[in-house]
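In structure tokens, the next block holds one chain alone, the form predicted alone.
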Amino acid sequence: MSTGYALAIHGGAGTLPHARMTDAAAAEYHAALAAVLAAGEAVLQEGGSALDAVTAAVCALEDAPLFNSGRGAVFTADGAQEMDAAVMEGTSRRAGAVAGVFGPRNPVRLARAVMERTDHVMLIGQGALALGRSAGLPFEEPEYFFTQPRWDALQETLELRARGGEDDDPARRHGTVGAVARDRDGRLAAATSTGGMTAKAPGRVGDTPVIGAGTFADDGSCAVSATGYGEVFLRWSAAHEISARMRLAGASLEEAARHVVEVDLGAYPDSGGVIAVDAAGNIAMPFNCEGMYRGHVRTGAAAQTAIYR
């Protein structure tokens, strides 16, 4: 078996439209994605696990206010921030997830605490927060998570709704962060985190914390992290569907991922994309919208980042 590693990340399929992206903003996104790849690759270079690598990468994404997770999460219609996250490792299919949480600096670490400290897969609300406190995870005050652009986006969306319209800008409608990895021992893992949709209904939960929809990992097939219109990914069990096409139909990672994103989810224009890695370290990153913040790195190769096609 190859001793090489592979890592892919995404900062969401809800990119700024190409026409509105300035050179300065693009450079900022590329720099942030490169820093995230470096955080995850540092784990893999030292022989660390895929699970540790995706956790480190997603923590870095949650810490960056550019992306819709952790610091920089979007606001609900009531002006609150409710975050979801999940982790899964592919060797034994252990998984942990949280939904509707606010306070932990890194929701992905809380999801991992569910996996490692309980017999459950998903916890929500106060029960999840209590676990985080007992695990000694760092919590932050509301000011830490607030960013002016996300607040302004909420106000603009609410004003549009008041006039009888609905915001169809992918940059506000959806956005998520995630990472998938294959470590030197051939183990796979996936992690995903999100603030959801701008002006979402309080209590809404998308695909991110639902194992098989927005997050999935199985050493025998692939690890997947999704980003986009969560309700569509939920209905199609999108992440698991990619794995199933590989296991049951003999499709390659690229074939399976592209079919799900471009054919199944393609029936819903601009619904999003996925990042995925298989047991051989192959990477696929298809999307059916204008852009997806993304990057990848493999053993001995330079890291690459991209936004549009």
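Please read these numbers as outputs of a predicted model, since none were measured by experiment. In case it trips you up, residue 1 is the first one in the sequence shown, and so on.
Beyond what is shown, the protein has a form predicted in complex with a further copy of the same chain; the following relates to that form.
- Residue in contact with a further copy of the same chain in the model of the complex (any heavy atom within 4.5 Å), chosen from Glu140, Glu156, Asp185, Glu231: Glu231.
- Out of the listed residues Pro202, Pro149, Gly136, Gly79, Pro202 is the one that sits within 4.5 Å of a further copy of the same chain in the model of the complex by at least one heavy atom.
- a further copy of the same chain in the model of the complex is not approached by His30, whose heavy atoms all lie more than 4.5 angstroms from it.
- At the 4.5 Å threshold, heavy atoms of Ala244 reach a further copy of the same chain in the model of the complex.
- Although the partner is absent here, Phe145 is not a contact residue: none of its heavy atoms lies within 4.5 angstroms of a further copy of the same chain in the model of the complex.
- Taking non-hydrogen atoms only, Gly212 approaches a further copy of the same chain to within 4.5 angstroms in the model of the complex.
- Here the chain stands alone, but in the model of the complex its contact with a further copy of the same chain, taken as any heavy atom within 4.5 Å, falls in 86-94 among 86-94, 103-111, 188-196, 67-75.
- Contact residues in stretch 38-53 (any heavy atom within 4.5 Å of a further copy of the same chain, taken in the model of the complex) are absent; none meets the cut-off.
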